[in-house]
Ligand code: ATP
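Okay, so here's just one chain, in structure tokens, the form predicted alone.
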């Protein structure tokens, strides 16, 4: 089931939660709605489900206009963050609840309902637990029951609202892998809401990054991570260091450098912001394009060393990550002088806060694949 969203808006009093959004979701796609609290992602999910009426626009399921259809008529499976299981019902009864509540004319026979429930228990790897109650299950098991219940009605679309948010880190990671495998087996069009960048990057076919009721960028996981279309997207996906730079005829000069780093062709001269993640920097020797600084602090994080470096040119503090030890067996200590240059970076010019844009005049909704520059 493909979904087409055109110009939908949602207002709560004087607050506009969704601003005329357009979105196309392909049949069988696993799509992530990613953004901070208040970005509108859950409101959009609930609007697709029919749980939140919209003020403007249209929502189509295939060729059917679902804008005014009820939740039941849309036939969506919805999984909540906190399970929403009936504590007084067994696992099997929870899973088959939606089937048993159908009108008599549409309700399968009792034996078929039980068969379907047991089949789903096997699918979510909980076979043999049909007689237990939710309080006898772990958090991860309860979330699998909630997912099986959503699948029981054979939905046209599966919607998940931060489904792993209430679980600890290890269980979340295990369930993410399991959900990806389940999606491959079932092929349902699936949309999930998350504020966890790692979760979105690991699970989704495509990511919709949202901010203040707008869509900042839509793309594959590689496109969104490697080619962030706006400073907001870059910042949300990776704690960037933002360096002042200047575009000149022969390249991009970082503050304090006497030679340029290579960037894309055709840039207009003038100041730019150079965005680079901690892992994007390389330690270099005598390189006129490098920036120099003083190591303030070091912190071991497994095979990496995280360094806080104060730049000599403007006293700005960068957070960078280097191998521990680095390829030359150098162990960095506070007080050491270090020379750095970004190997990968993105460039942005100053724009109003609501509409930041990439320096190369690219759409904020669809970043071009080369918007993230690879340095030499």
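Residue numbers count along the first chain shown, from 1. Please read these numbers as outputs of a predicted model, since none were measured by experiment.
Another form, the form predicted together with adenosine-5'-triphosphate (ATP), is not on view; read the next lines as being about it.
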Tell me, which of 38, 334, 323, 62 has a heavy atom within 4.5 angstroms of adenosine-5'-triphosphate (ATP) in the model of the complex? 38
In the model of the complex, the one of 205, 223, 162, 273 near adenosine-5'-triphosphate (ATP) [non-hydrogen atom within 4.5 angstroms]: 162
Within a 4.5 Å heavy atom cut-off, is residue 42 in contact with adenosine-5'-triphosphate (ATP) in the model of the complex? yes
Even though the partner isn't displayed, in the model of the complex is residue 17 close enough to adenosine-5'-triphosphate (ATP), meaning a heavy atom within 4.5 Å? yes
Pick the stretch from 341-349, 62-70, 314-322, 30-38 whose residues have a heavy atom within 4.5 Å of adenosine-5'-triphosphate (ATP) in the model of the complex. 30-38
